[in-house]
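Only one chain is given next, in structure tokens, and it is the form predicted on its own.
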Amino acid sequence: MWALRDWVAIESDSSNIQKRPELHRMMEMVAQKLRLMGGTVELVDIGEQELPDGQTITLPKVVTAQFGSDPSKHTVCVYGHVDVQPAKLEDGWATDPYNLTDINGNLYGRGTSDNKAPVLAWIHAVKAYQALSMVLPVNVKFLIEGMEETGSNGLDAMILAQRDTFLSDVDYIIISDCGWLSRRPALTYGTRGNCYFFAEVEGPKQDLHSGVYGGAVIEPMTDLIGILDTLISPSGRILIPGIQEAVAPLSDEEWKMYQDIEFDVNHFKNKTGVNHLMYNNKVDLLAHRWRYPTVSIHGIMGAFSDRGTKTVIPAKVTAKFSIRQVPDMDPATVKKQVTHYLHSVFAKRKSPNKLKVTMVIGAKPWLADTQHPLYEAGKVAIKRVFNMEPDLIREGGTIPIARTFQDVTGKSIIMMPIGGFDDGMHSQNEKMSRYNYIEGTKLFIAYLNEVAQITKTKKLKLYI
């Protein structure tokens, strides 16, 4: 556990520019560990990051490494990241988030589950073959970044630049930046995309006193709340024309797959801390988390939100909301649908204020074929290590790097998580259990052996 302790001790928070030296140190530590194992290692410069004030700061280099180059073998590329979400003891942590603490078999610390322990597990899987003087059954490449938690700045361009060099001979890409759904091991075959919007309503030239001007002007906030209320019904149905109609129907095979998944609805409800969920049965709940679109309103910029009272009419307010994408939705089409719909709703209000709608993120969903040999190999490896069949699951969130790898390289992709369902990624008291860490390392060792058995002529069927 010493390597994980050392890695957790580095405050590699990619959102805090004051911690950027720590992030650079983290990438150097990753590179050095791979060098000491005899890998061919590079620290790839991916340029600079522009800050809101116009200044620039150097992005952390991406670590690439290679073990083995036998052309008769498959080549896998393991992707991971070693940056973390912010964490402070005063946020509600029971232990120092940057001091790995073992309590009842759980290893607490920021970045344990997301994503330092899984990255180390993959490195230790390779090291295990070396320690036993066994030849790796496949060639293994690593691509480890340090900006995932803030959008993977510079990584898309790097992947494009490396397509015909570092990635040219890669057959399969493995991502372990996700978690199980229950205590049963899982293989992940899909993620939702994300269209993120700003809706700005502008009225007076400056903020106004509500006592002096209230009742005399049409307020931007009232307009904004009015149009936001037309996005989604109380039951969760998206009201924007064309959105629901574009969703791929739930097949009988999918229904059966969801029915067989181990998932406790009551535990999920209790963990969430709500009295009532939109759906009370497992299949509907999982389907609406994974393979149906959702609208979420995240905040309103320009509105008064501090403690106390302030009788102000904001001159300009901007709502932030997102729509999670699923097959067969297209972000470009969704942008047009949302923009047209909100402008048409706004026009009916006959307001003198101005509306501006902007889509700032347009990430596509990712979906793989669970019948592909990569997934068959995963099932065999999980059966061997855990003595049970895995759940085949999807992620409700967005992992853009999967779609980037797919679109840029055309390589076959699998997500193989080892994080627990209760690890608290991004939350207080994040942890990785000793069990998952150790058995997860065994799983990766077994999986490399199973991938070596895949016939080279088999290809992955991709769904867009």
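A residue's number is simply how far along the shown sequence it sits, counting from 1. For clarity, every value in this text was computed on a predicted model and none was experimentally measured.
Keep in mind that the form predicted together with a further copy of the same chain is not shown, yet the notes after this line are about it.
Residue heavy atoms within 4.5 Å of a further copy of the same chain in the predicted bound form occur in exactly one stretch of 128 to 136, 251 to 259, 227 to 235, 167 to 175, and that stretch is 227 to 235. Contact check at 4.5 Å (heavy atoms) against a further copy of the same chain in the predicted bound form: all three of S210, T309 and G396 pass. Within 4.5 Å of some heavy atom of a further copy of the same chain in the predicted bound form lies at least one heavy atom of G203.
Though the partner is left out of this view, G105 does not reach within 4.5 Å of a further copy of the same chain in the predicted bound form, counting heavy atoms only. Within 4.5 Å of some heavy atom of a further copy of the same chain in the predicted bound form lies at least one heavy atom of Q428. Among residues of the shown chain, R289 is one whose heavy atoms approach a further copy of the same chain to within 4.5 Å in the predicted bound form. Proximity to a further copy of the same chain in the predicted bound form, taken as a non-hydrogen atom within 4.5 angstroms, holds for one residue of N99, T333, N266, S305, which is S305.
Of the residues A94, A161, L239, V274, just one reaches a further copy of the same chain in the predicted bound form with a heavy atom at 4.5 Å or closer; this is V274.
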